[in-house]
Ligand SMILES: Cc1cc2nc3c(=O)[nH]c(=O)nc-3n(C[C@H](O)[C@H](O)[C@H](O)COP(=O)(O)OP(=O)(O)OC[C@H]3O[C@@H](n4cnc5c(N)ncnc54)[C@H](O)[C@@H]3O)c2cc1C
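Single chain ahead, written as structure tokens, the form predicted alone.
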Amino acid sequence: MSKLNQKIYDIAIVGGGASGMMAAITASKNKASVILIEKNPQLGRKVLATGNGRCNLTNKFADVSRYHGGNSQFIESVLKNFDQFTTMNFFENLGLILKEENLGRIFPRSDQASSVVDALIGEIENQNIDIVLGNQVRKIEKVGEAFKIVLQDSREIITHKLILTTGGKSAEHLGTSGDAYFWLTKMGHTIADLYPALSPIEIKETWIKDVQGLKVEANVKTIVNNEKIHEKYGDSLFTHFGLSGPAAMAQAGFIGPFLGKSDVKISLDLFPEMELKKLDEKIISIISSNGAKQIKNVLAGLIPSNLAPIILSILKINPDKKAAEVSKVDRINISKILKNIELTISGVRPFKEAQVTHGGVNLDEVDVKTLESKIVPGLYFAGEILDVDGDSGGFNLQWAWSSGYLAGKSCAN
């Protein structure tokens, strides 16, 4: 049998993503013997895909307001243990040069996610951490005060403590298929309902196909039974099935619980910087200067030209009508719809298209100071497996570094 089977480890980490690698490095630096187990043939596969292959590894403005999940005080406490500035120092000490882009996003100067993964792997090798790659965990058992991990190739690994960093269910093609949820429910843990987050939105209205590929900058709101539940300003992209882009995708995790039970709408405000009255005054001014032009062409100065006839069609206004002939009621309705393009949500794209998972291990069952399970002594968690998800822009990777650090340090101590 393999040498690995004969050694009893202080700590085993299942999941070789961002939080797993951080936990392994931190635990080893705290004098623990560590083995890192990853079912993919390489470490950090999901990290390599982040930021369109550039790896937006943190955000200068990371704070609890950018996260969602079971308990904001829990999230804030974990983030404070290893914040974004500590993260930047950590990677700079590994030899990475970092740069800041708009909205506080931090990238490696190389613009290559592989630079981040290579730096982490280099440190893992420097710490003499044992690694198992391309081998899925078949079973986890508690044996006395230790854990037995059974691998796909039948190897058995014994460890005093265990950190699960297996991620959620998003991006299954990268290996995060939610394996650990089954093991945890058998151990007595409860899992907060799981939904795709940072995922494109499916829309019922068919006219969106006529503008697929169109990107708009707007304030996007999710409305459930006439009540706003979430909003975000930014880019949204019309697709053949609905909406994509950061502002629209940010709504996904909040939509899931209501689909099929409530009236769920999404609203786009193309002019959030203007009150309705100011926008109407702007349209009056444009019409008065261009009264002889067709209204569809006049509107093309305000909104994308291929969206203008659709807006007019929704309002039942002849797009070829001269601007000066548009009634006051119709003009006001144009202003209103530009402030509130309301669409009916029919669904959220599946986990395989989502960037993160909304839901996960119930935070009430986890010690906020250590990330140790309150139900299974010696079991710890880090990363997306917990009921925490962040906005796009480096916030989810920051959660991985923060929680991975805290789990690794607590476990080793």
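Sequential numbering from 1, following the sequence displayed. Every value quoted in this text rests on a predicted model; they were computed, and no experiment measured them.
Below, we turn to the form predicted together with the named molecule, even though it does not appear here.
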{"query": "The named molecule: the contacting residue among Val137, Ala323, Leu307, Leu243 in the model of the complex [heavy atom, 4.5 Å]", "finding": "Val137"}
{"query": "Answer option from Val361, Ile345, Ala354, Leu379, heavy atom within 4.5 Å of the named molecule in the model of the complex", "finding": "Ala354"}
{"query": "The named molecule contact in the model of the complex: Pro196, any heavy atom under 4.5 Å", "finding": "no"}
{"query": "In the model of the complex, Val14 touching the named molecule (heavy atom, 4.5 Å)", "finding": "yes"}
{"query": "Contact test in the model of the complex: Tyr405 vs the named molecule, heavy atoms, 4.5 Å", "finding": "no"}
{"query": "4.5 Å heavy atom contact, Val368 and the named molecule in the model of the complex", "finding": "no"}
{"query": "Region of this chain that lies against the named molecule in the model of the complex, out of 251-259, 289-297, 206-214, 177-185 [heavy atom, 4.5 Å]", "finding": "177-185"}
{"query": "Sequence-ordered list of residues in 25-48 near the named molecule in the model of the complex, where near means a heavy atom within 4.5 Å", "finding": "Ile37, Glu38, Lys39, Asn40, Lys46"}
